[in-house]
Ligand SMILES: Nc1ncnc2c1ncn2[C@@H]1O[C@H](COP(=O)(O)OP(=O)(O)OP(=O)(O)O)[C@@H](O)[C@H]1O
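In structure tokens, one chain follows: the form predicted alone.
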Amino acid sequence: MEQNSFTSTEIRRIFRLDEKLTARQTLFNAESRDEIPRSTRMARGKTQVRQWSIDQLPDIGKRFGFLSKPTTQKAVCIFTQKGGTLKSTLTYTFARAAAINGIKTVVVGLDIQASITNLMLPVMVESLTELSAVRNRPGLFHIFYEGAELADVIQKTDLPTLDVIPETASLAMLAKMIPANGSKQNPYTLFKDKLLPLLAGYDLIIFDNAPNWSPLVENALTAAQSVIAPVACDVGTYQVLDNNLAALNEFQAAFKIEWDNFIMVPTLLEKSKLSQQIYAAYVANHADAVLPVPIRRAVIGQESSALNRSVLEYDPASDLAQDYFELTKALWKKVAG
């Protein structure tokens, strides 16, 4: 069952208020001064408990958050050529963390498997007709080639500061059209030239990509200022990492693309000797790129995703939530500059 309201204790855990506030009364004082939204009172036994709804989190985050709004818009591409590295989970958690801190965020889904769309827009349908309507809704292809407006495509979430451009069935057609219509210098500037201006009202744009090369990925790489690559601490990822990094470097060099940041995020770290050795190798061999704030493998991550919540909201007191809290702060320090 989704959690749609939060007590003062949960609010303090989400925003780590006990780490920076000396008095527990500070949150209540801010409420009384209308610096944050007013809570509702819910009966719990003989007492009344304050509760804030999920759509109020961003306004609380503007006052007590752990991420600050950037001075200029930031575009981030999250991409790896290896599946099973927590790519979409990282996108989802990063996006929701930014959003609950009052940072206006949009996620652009570019994976035909619709991983990020399924996380952000859980579908409740009771017939094939309803399912077909969802699959055939307008998407990026319709903006670029059929004159659709952004408002026809973009979808709201339960956080007022978080929107998504969902993956649709027309993504495959868009991938075919892009190379044929691009410039000779760089055929992959459609997102940079046409999409970013449409998204000028957002503080943060996150491109979530499929784990394979395509014109969609290359457009996202060209449009982004920062590239984040999750790398799992497992044998499969370790074995293909050098080849995958070489492909990225070749693409960057071929089109003379300059990124502000290229960041590798170790994920799925286990206590096993081999997993720990792989993590140590990442840090040693790619010290200029690896962010040494690993995300451990934990069942609670799957549980939170199943309930369409980031682990920061689902269980803010958990070890995994602390991992993502530290990672999000470290990423934002680099991305926001």
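Note that this is a predicted model, so its numbers are computed, not measured. Each residue number is its position in the shown sequence, starting from 1.
Missing here is the form predicted in complex with the named molecule; even so, the following discussion is about that form.
Q: Out of Lys82, Lys74, Lys104, His142, which one falls within 4.5 Å of the named molecule in the model of the complex, going by heavy atoms?
A: Of the listed residues, the single hit is Lys82.
Q: Taking 4.5 angstroms as the heavy atom distance cut-off, pick the stretch from 62 to 70, 49 to 57, 300 to 308, 31 to 39 that is near the named molecule in the model of the complex.
A: Heavy-atom contact with the partner occurs in 300 to 308.
Q: Does Arg96 make contact with the named molecule in the model of the complex, using a 4.5 Å heavy atom cut-off?
A: Arg96: no, not in contact with the named molecule in the model of the complex.
Q: Look up in the model of the complex whether Leu268 has a non-hydrogen atom within 4.5 angstroms of the named molecule, and give yes or no.
A: Yes - in the model of the complex, heavy atoms of Leu268 and the named molecule come within 4.5 Å of each other.
Q: With a cut-off of 4.5 Å between heavy atoms, is Arg296 one of the residues that contacts the named molecule in the model of the complex?
A: Yes, Arg296 lies within 4.5 Å of the named molecule in the model of the complex.
Q: Is there a heavy atom of Asp111 lying 4.5 Å or less from a heavy atom of the named molecule in the model of the complex?
A: Although the named molecule is absent here, Asp111 would touch it in the model of the complex, with heavy atoms inside 4.5 Å.
Q: Taking heavy atoms and a 4.5 Å limit, what residues of 87 to 109 are near the named molecule in the model of the complex?
A: The stretch 87 to 109, when checked against the named molecule in the model of the complex, contributes Lys87, Ser88, Thr89 at the 4.5 Å heavy-atom cut-off.
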